[in-house]
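A single chain, nothing else alongside it, follows as structure tokens in the form predicted alone.
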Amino acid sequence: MAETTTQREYWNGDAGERWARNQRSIDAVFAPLTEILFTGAALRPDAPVLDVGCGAGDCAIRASRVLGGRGRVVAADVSGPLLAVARERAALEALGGAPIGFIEADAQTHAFDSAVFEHVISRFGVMFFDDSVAAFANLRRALVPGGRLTFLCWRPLAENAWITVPRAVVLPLVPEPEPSPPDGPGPFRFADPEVIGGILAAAGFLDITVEPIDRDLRLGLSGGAATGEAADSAARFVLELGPVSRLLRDQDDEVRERARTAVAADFARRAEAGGVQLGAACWLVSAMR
């Protein structure tokens, strides 16, 4: 993402449109990690919950079902395209659950009601704030005393094979990427657990825990799909929706196609049982107001 592009512009442009079109694939790939998030959060039925960086609504809808009719979910994201999909999905998939209020808002600065939520949750939605301490302090104010924050964030790039494997294939085809600033917004903002603990403590949180989570992600198709089809599907996923997509953002169609062909060929050698499985490494973080 160019330095002049804000997070709001990025997620309301081509990236947001691509994620909106592919929301079911994203939710399917991240399903094992979503399960970890909800097990760790242990939401109490009937409680009010805030979902930060809700995207296309997968976690908000699941929270609605867990809470039941007397609970309440507020789901915030900066992306209009993703929120449009989330609202449509919720109308069909959250029937009988807690009502969901979707808001297009930056959780760093949005004026949430004070001390109203028992839980704030997020699946990979809190690493993109311009000022992380200010953002988490804002979220802390929205929690009731004793309320909890639970989120998933990525561990270092080198520990995430689902990113490093296709990235190694693509790098020889594109110009050397500029390194991202370690303390700037981005998917690996909280790769260092000491950084997470320091930021949350500075924002006023207590009882901070950071637990390593390792799971295999099944990329692309599963079941009885042919190896070539599964490899192509997995390649499209990582090149269109994962962090590797940023390497190809400014490249022409010829380079993009060469990258897709090369990654699909690599994945074809790895495909098993109609899918490509590669490891993912993240942190499950919990803290209390």
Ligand SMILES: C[S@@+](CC[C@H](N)C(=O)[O-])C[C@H]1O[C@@H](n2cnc3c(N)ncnc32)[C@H](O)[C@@H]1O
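Only a predicted model underlies this, so the values are computations on that prediction, with no experimental measurement involved. Numbers for residues come from their place in the sequence shown, where the first is 1.
Note that the form predicted in complex with the named molecule isn't included here; everything after this is about it.
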The named molecule in the predicted complex: contacting segment from 40 to 48, 232 to 240, 53 to 61, 260 to 268, heavy atom within 4.5 Å = 53 to 61
remark   = Among 205, 124, 188, 102, just one has a heavy atom within 4.5 Å of the named molecule in the predicted complex, namely 124
inquiry  = Can you pick out, from 161, 78, 210, 153, the residue that has a heavy atom within 4.5 Å of the named molecule in the predicted complex?
reply    = 78
ask   = Looking at the partner-bound form in the predicted complex, is residue 82 within 4.5 Å of the named molecule by any heavy atom?
value = yes
query = Any chance residue 26 has a heavy atom within 4.5 Å of the named molecule in the predicted complex?
reply = yes
inquiry  = Taking any heavy atom pair closer than or equal to 4.5 Å as contact, tell me whether residue 106 reaches the named molecule in the predicted complex.
reply    = yes
task = Just give me the residues of 83 to 98, first to last, that have a heavy atom within 4.5 Å of the named molecule in the predicted complex.
result = none
